[in-house]
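We begin with a single chain expressed as structure tokens, specifically the form predicted alone.
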Amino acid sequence: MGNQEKKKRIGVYICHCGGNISDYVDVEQLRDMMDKEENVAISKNVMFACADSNQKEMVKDIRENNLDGIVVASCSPKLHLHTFRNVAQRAGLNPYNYVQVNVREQCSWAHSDHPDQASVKAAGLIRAGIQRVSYSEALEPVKIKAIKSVVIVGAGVAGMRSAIELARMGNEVFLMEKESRAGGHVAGWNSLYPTGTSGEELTRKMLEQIRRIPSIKLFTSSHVTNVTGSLGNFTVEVNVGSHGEEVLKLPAGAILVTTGFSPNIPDEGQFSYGLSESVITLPEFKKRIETASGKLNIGGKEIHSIAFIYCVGMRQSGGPNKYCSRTCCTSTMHASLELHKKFDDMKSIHLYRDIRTYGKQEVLYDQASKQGDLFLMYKEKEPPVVTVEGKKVKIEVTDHLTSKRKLEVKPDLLVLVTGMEARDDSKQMAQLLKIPVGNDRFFNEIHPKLRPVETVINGVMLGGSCQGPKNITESIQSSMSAAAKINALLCKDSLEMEPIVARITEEACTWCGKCAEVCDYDAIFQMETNGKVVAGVNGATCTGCGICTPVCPVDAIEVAQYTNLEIESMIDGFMAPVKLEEKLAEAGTESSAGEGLMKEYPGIWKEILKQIEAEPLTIPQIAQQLQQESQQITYHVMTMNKYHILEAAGMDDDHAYFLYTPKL
């Protein structure tokens, strides 16, 4: 470590990002500046670095100029790190000899009010990237053999459905359930929207399927006590039986967590909950509807009017549950409709903050409104005031739908609409698996859109409502997505892991154990080599977080791609003086047609302007005249419109397409 030879031929690519960067950062001057940096063989500025055409050009540059490192100054590495790693790989360059510099989120967007300063900062960041890639290493992925078995923790609908799919894909499945029966909360529910199937029937059918598949082993009254190993080779210790009579050690290539949720229970006295039989929660109310026949009697009283108070324990600006539970509004509407179907002469009053019956569930809100349900809107700062006298309930509410009129409601029954919370044992599970929980106490995925079912621990996936409130369909969809991810990993002969992991200099290490103490992933262990006790690193478990490096008293640990040499050289590059010849024009000023805000733009834009110079044309007409795909012309026209190069000039005679003309 520390003796890495510097790269001699580096390529630098600075992206306009369609104006997102070049409107505020002087990309042309930076291109010329970087061209003079030591060991830089090529320096270019490009309109869209991620475009297929530019990727092909980069591959060509790497091959023809024998580049041994590349730097792309563009957007966040979260978006295109793998894009440009693949470019390097296609050109025959090791993908870890590539560095991406963020000059959009960290420069042009953050400093749009000071373009000159944004350019100075961008220059420092690009120089830091050049210095870093100068000392980058050609790394190879860590390869491991995987066991084709999966442990699923939680046998609700999400866990059972994913177990069936994983087994069908050829994996052995161990399905663990803490309760004495499988099915979770859904097993105790009656009619489900929109099919009308009961939850009991749904879970029973899944359970029958599971029993017919020999590669699925279901364990009830069981709980996980310990987890060791890493992706491809976990060992999960499970206590089986209500009294923990037997301890099993199950081998697993991956683990899927589908532990579900807990229903929120109101505090005693909250809206008079617990002070009267006439105040109950929504789950309790649904049970009463299902079991009642003829007439609805609760607490010895015949019920004819029901009031629902929404968002109880949810969306609290000052409480623990600041999130919306998403499913409560739909569940309440459905319960009200079921109430009217089963019993005559019923009145429903809904006291709500917002109605969130999203998607197709909006039909329920429409049906409830048409059947005569009354809706009163309150604000969080003015919640309903509930008083109870014996079996009588009185609710005072300020209704914002009637100009803040103060109304009084006296229903036979008050139902508190509660939502989903993280399970009480989720913290314990998070500690066992080393996965993070959010402020809402649900398990956290890596990214809600890009990696929605993966955790920071390779091989540990999430599914269902253990991530946050979901309805049955959403829970099953997420668990099946996790099942597909797991199978994609385990179906390979070997797994390739990110090689950006901690490394030990054995000559310097004296094994004090401090690195192992701070490691959250149990990736560092004690070992003996050449008669000396030193630290070792499990490359399959290590995430490259770097928490071990600052605690080492003899500086014997560093993380690949984040070595002392690379980081120190980046600092030197960033701190080097920057001199700009001139300031950019102020952002936001419009210019004449054909110039736009950017200093240069694709040649096809000039061709488009030529076509619409004489008369306004539609996108299909422009595409036909230029013999280009309509989709490609649409992209360019929309971008030109954004930067005031052209504008819409009404619609064609058929009112099917917009006409476009140069912006004067």
Partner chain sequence: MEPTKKSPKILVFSTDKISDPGIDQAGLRKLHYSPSVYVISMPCSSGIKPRWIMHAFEQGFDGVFIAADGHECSYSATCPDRTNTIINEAQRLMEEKKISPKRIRMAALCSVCAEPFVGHMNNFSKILADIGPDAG
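Numbering follows the first chain given and starts at 1. Whichever C-alpha set is largest while still superposing within 1.5 Å between the two forms counts as the rigid core. Computed from a predicted structure; not experimentally measured.
What comes next is about the form predicted together with its partner chain, which does not appear here.
- Its partner chain is not shown here, but in the predicted complex it comes within 4.5 Å of a heavy atom of Phe574.
- Among residues of the shown chain, Ser215 is not one whose heavy atoms approach its partner chain to within 4.5 Å in the predicted complex.
- Using a 4.5 angstroms limit between non-hydrogen atoms, Glu421 is distant from its partner chain in the predicted complex.
- In the predicted complex, at least one heavy atom of Ser112 sits within 4.5 Å of a heavy atom of its partner chain.
- The partner is not drawn, yet in the predicted complex one stretch among 441 to 449, 527 to 535, 391 to 399, 159 to 167 has residues with heavy atoms inside 4.5 Å of its partner chain: 441 to 449.
- For a residue to qualify, one of its non-hydrogen atoms must sit within 4.5 Å of its partner chain in the predicted complex; none of Trp189, Ile289 and Gly300 qualifies.
- Asn564 is the sole member of Thr228, Gln316, Gln428, Asn564 with a non-hydrogen atom within 4.5 Å of its partner chain in the predicted complex.
- The partner is absent here, but in the predicted complex a heavy atom of Pro550, alone among Gly359, Gly241, Pro550, Gly372, sits within 4.5 Å of its partner chain.
- Residues are counted as partner-facing when one of their heavy atoms sits within 4.5 Å of its partner chain in the predicted complex; in 529 to 547 these are Thr543, Gly544, Cys545, Gly546, Ile547, in sequence order.
- Core-superposed comparison between this form and the one not shown: the C-alpha position of Pro553 differs by no less than 2 Å.
- For Gly124, a C-alpha deviation of 2 angstroms or more is recorded between this form and the one not shown after rigid-core alignment.
- Residue displacement note: Ala167 has its CA displaced by under 2 Å between this form and the one not shown (rigid core superposed).
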